Structure formats: C-alpha cells, structure tokens
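Below you will find one chain, with nothing else, as structure tokens; this is the form predicted on its own, and questions on how it binds or moves follow later.
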Amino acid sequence: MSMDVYEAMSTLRAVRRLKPDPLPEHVLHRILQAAAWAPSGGNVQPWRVVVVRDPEKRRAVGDLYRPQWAKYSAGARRNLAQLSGEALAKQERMLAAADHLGEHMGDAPVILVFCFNPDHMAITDADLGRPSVVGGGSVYPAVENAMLACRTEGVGCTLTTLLCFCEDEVKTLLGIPDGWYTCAFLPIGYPQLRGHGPISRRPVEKLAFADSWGTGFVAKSDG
C-alpha cells in the first residue's frame, strides 16, 4: 500500500473512534518500521515504544486515561462559551470524538507508548531558563512517522500526552525501567467512521517569515 507523502500529511486527521478489531501483524510491523526510520540527534534513537496489545493492560491504560481526559475536557468546555457558529460546532464535534476516546481508550486494539531516555540525548536548550524542547526532536519524528504510516495503511490514530500526568502508574503497569520516561501515547486501530480526511491548519503566510520575524513570507516565482 502506498500514498503520496503530501496527501498523507494533508489528511492526517486525528481519528478517535476506533474499531476493536485487531490489526494484522504485517501492518503493525510496517508502522513500527516507519517509526524506526525517523531521524534523531547523532542517530542515537533515544526512544523505545511499548506496543500494548494485552487486553488487561489496554483496559488499565484506559482506566488511567479516563479521569485525565475528564479533567482536561472540563477546561476545554468552559472555553466553548467564547465561540459561536461553525467554530463552536467544530469544537463540539472534536470534543464528542475525544469523549468517545476518553471512554474507549482501552478498547483500541493497540496502544503505542513512546518512551525516551534523556541521558542519551544532547539537550542543548536544557540551561536556557525556559521550557526545554530540543530533546523532543529526537523522539517526536518517530511518533510522526508512525502516524503517517498509520494514515498510509488506513489505520486511525491520534496523539495524546495526558497520561504523562500519571507516569509513575504507567511505568509500573508496563514495566518501564528507571531512566526511561513517557512522552506520547497513540491509540491505533481501524476507524469506526470516515477516518482520516482533510485537515484545517493556519496558512503558510501566517506561520512563515522571510529572513526576519514579522516579515511576511511570499513564495517567489520559479521563472
């Protein structure tokens, strides 16, 4: 199965309603292989992924996720009062799908738990007096590769980090050793509804600057 990479990126929609049907082993392996192809600082690959398929462990992950989503969604719903029209309808649809995942996280046939070891990373922004993000550059490309592979395979997926709030419980459940920590959780499975499709993002002109901050980027003619 193949798909143009631009089509995959532009249709990688968060899919939160997943069938419980198991994924074929060859499909799952291709998704994990895609993650392994991702770049990392010094090609160290300071990440590992726990592929959670055991029904009891998946159920336990879901039980940990449910209250975390409940707390997070309460704040998100308070913000709905500021919206109206299509913007409100869009957020309500998203929250309805996220509520479904909140109740059914443990029913996903596979949950990918990405872990990292900071001792194996060159975290060049660790002492800059601001939140450090550089280390993630050696982990999240693998997460994105896995998600793009899911899209290509017709497998639904979404990324959540809410379970980082109960990391100790997750580490105990999955036997994650000291020195390793969690950073991304991907419930994956075949979509219940339409699955992936066109996504909504800010245009390039709102995100890219030309040579200095605030100078609007305009693509030049190739002629």
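Each residue number is its position in the shown sequence, starting from 1. In this text the structure is predicted, and so the values were computed from the model without any measurement.
The form predicted in complex with a small molecule is left out here; the points below concern that form.
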Interface stretch in the model of the complex with the small molecule - options 79-87, 107-115, 120-128, 94-102, non-hydrogen atom within 4.5 Å: 94-102
Proximity of residue 199 to the small molecule in the model of the complex, heavy atoms at 4.5 Å: yes
Interface membership of residue 69, the small molecule in the model of the complex, 4.5 Å heavy atom rule: yes
Partner contact for residue 162 in the model of the complex: the small molecule, 4.5 angstroms, heavy atom: yes
Heavy atom of residue 13 within 4.5 Å of the small molecule in the model of the complex: yes
